[in-house]
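The chain below stands alone and is given as structure tokens, in the form predicted on its own.
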Amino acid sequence: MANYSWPPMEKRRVIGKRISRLDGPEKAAGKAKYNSDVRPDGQLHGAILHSPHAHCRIKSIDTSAAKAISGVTSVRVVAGPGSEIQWANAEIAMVAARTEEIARDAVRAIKVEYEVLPHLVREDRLDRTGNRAKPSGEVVTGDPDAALKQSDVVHEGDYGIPVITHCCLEPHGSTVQWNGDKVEFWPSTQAISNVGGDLAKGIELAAGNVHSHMDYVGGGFGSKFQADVWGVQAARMSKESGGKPVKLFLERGPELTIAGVRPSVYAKVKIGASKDGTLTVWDSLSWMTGGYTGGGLNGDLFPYVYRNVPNRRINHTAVSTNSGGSRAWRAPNHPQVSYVTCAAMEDLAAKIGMDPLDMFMKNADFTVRPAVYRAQLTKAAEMIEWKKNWHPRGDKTGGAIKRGLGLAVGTWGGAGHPSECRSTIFADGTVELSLGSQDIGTGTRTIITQVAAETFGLPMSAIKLSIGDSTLPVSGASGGSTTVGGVSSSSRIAAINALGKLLEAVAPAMGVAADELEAVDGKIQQKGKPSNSMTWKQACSKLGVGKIQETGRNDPRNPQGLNTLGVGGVQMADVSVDIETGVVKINKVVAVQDCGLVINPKTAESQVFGGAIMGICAAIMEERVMDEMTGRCLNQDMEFYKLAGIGDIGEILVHMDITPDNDKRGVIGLGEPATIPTIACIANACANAIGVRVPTLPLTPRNVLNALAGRRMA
């Protein structure tokens, strides 16, 4: 049986090396083509009529004027008379036309009569949500009431994070062409192998009749798995337009409101401890919304990471609001729960008069991996010079600028998804790997090529890689930080299987058994006797006119030691706050993260940089602002939906926790965990600086100044 295990550290020539992303130059030069750039011959333009109301019923709809406009090729009603609309910007009708301008004119020509209904768009006050609040039931461990009475110190606090949006720079959408019983599909997606099946279901075709292809995606973060109503209707409009391709991508306003958001979280927390800082009890009432369907949250996530506190009471409520629905957003629910937990723990430490680093360390036994968190806290503290720079809550130095430190923790799963890879060796020495994966900007192309180059003993330039097409072997969607584990494992297995066949083919000519041969530095050589060798091309020439083609599969039920799950991460922040203006400045964020075997430290660090930047955006700027009167989003554009710029980020230091023990765990995904602790550590640093908690994020000047003045916004 083949040995698929990763090569030991001392024998690695490509894996573990700091290699730049293969697609970096193409992206940096503007040559990379995204599917929003696709322009098939004869392309038509799609446009959408969106609901102006947060909650309404369609009384009538008249499309005759739109259909009469010259250049309009299709008009489709998505929500007809009698349909109840549950959020603003919901799709009412769609149009395809020869130009974008004609399509927009046609949308404006559609006449709709609405019956406006009552709406709810804000959830920050649970007492105002009425029957739209759906409790999930109480979860109790131990005796929280007795533990609260017996605790030496008890802290009660309120915490909140608003809804934020995905804000993908390439909007959701696709170009679709219906040709006979076949459909060509160019989606912006995180699931190239699967999204065609979703489209096929919507248009009642066999999944194999939809051909999906995509080279690059301009952001997804968990929101781009399905074909969506836009893809389905674009396909139908293409059919109605004589098979001409229809391009239909969301405009920025709908992109920010109906293409998926990250749910909010609000919580009232009681937390108790003994005088030495040992946690004894956690008691929380939390609520959140992800839109009309509410927002679920696993009660076992509280308290986050420190979930083995002996006494717990968890009450959670999902609130249904008349707003666009939630979609997975880089570690669903984890950043929110990390904030509530780590903020409450830091507040309790301040009440005790204890260094929060000591409290988090002391209670590490309540985590799943105590030694890991203690080591990571120690490393992060060293990097940010915690013992030198931390001070009790409230910077007592003079002047308006106050400085503080904060910390937070995170965890995630990240096991590899199902993936199949095809490895082909040709007689001329060419090597090709093919799999229906996508590279969503994380360096997947580079990782797969590194694995293949390591296995074949070849330079990366000798490997040809084909991904991004549904005709290739099926690989899973890029979600849940499962991609790197899935594709690296299937690629490793496929490459070893193909190499084994090549070694069998050349063994007779080299006078040794196949299992005595190895591929190293562009040669096939005898183990322990490198003088008995032949070049890679010489070896491949033994195939004559044939080729070797083998497959490799990653089965999550049997990953063969190549990938696993479960990571720890610690982040610390150094911030300055101007107490006169309320402006928060990020000086430094330090991140210590493990993810098993690190195939490429450079791209791994890049993932942590990206995760931290997203957390910084959410901590200091991002929020969806809803108007209670109209039910509409007030900042559904890139001018007023604020994201951090390069001047707002500060310095980010990353330490990948690369150890022999982590190497032995195999590959684990990194996309999600890198963003989890950032919000909480920045919020804690702000509290340390100014001496009071800013209970509801983001840390905008208004929220900071209100906290300093002891004000609460209604």
Partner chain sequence: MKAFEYANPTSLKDALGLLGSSWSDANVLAGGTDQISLMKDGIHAPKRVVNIKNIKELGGIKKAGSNLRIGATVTLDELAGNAMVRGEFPSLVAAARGVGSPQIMNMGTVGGDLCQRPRCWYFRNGFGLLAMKDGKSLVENGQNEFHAIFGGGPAKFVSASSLGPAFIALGAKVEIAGASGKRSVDAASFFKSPASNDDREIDLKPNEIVTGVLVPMAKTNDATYEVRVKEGLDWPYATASVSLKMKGSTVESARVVLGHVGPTPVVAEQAGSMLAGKSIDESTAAQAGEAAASGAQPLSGNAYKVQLVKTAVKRALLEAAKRA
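Computed from a prediction, not measured in an experiment: that's the story for all the values here. Residue numbers count along the first chain shown, from 1.
One more form of this protein should be noted, the form predicted in complex with its partner chain, which is absent from this view; the next part is about it.
**Student:** Flag this candidate site as yes only if Met626, Gln636 and Lys642 all have a heavy atom within 4.5 Å of its partner chain in the predicted bound form; otherwise mark no.
**Tutor:** Yes, because Met626, Gln636 and Lys642 each have a heavy atom that approaches its partner chain to within 4.5 Å in the predicted bound form.
**Student:** Which one of Pro695, Pro701, Gly691, Gly16 is close to its partner chain in the predicted bound form, taking close to mean a heavy atom within 4.5 Å?
**Tutor:** Looking at the other structure, the residue within range turns out to be Pro701.
**Student:** Considering its partner chain in the predicted bound form, which of Ser461, Thr581, Ser274, Thr397 comes within 4.5 Å of it through any heavy atom?
**Tutor:** So the residue touching its partner chain in the predicted bound form, by this definition, is Thr581.
**Student:** Looking at 64 to 72, 670 to 678, 644 to 652, 22 to 30, which stretch has residues with any non-hydrogen atom within 4.5 Å of its partner chain in the predicted bound form?
**Tutor:** Heavy-atom contact with the partner occurs in 644 to 652.
**Student:** Would you classify Lys602 as touching its partner chain in the predicted bound form, given a 4.5 Å non-hydrogen atom cut-off?
**Tutor:** The answer is no: Lys602 has no heavy atom within 4.5 Å of its partner chain.
**Student:** Does any part of Thr630 reach within 4.5 Å of its partner chain in the predicted bound form? Heavy atoms only, please.
**Tutor:** Thr630: contacts its partner chain in the predicted bound form.
**Student:** Might Arg108 be said to contact its partner chain in the predicted bound form, defining contact as any heavy atom within 4.5 Å?
**Tutor:** Judged by the heavy-atom cut-off of 4.5 Å, Arg108 is in contact with its partner chain in the predicted bound form.
**Student:** Consider Lys523 of the chain shown here, and say whether it contacts its partner chain in the predicted bound form, taking contact as heavy atoms within 4.5 Å.
**Tutor:** No, no contact at 4.5 Å.
**Student:** In the predicted bound form, which residues of 121 to 135 put a heavy atom within 4.5 Å of its partner chain?
**Tutor:** Only a single residue, Arg122, comes within 4.5 Å of the partner.
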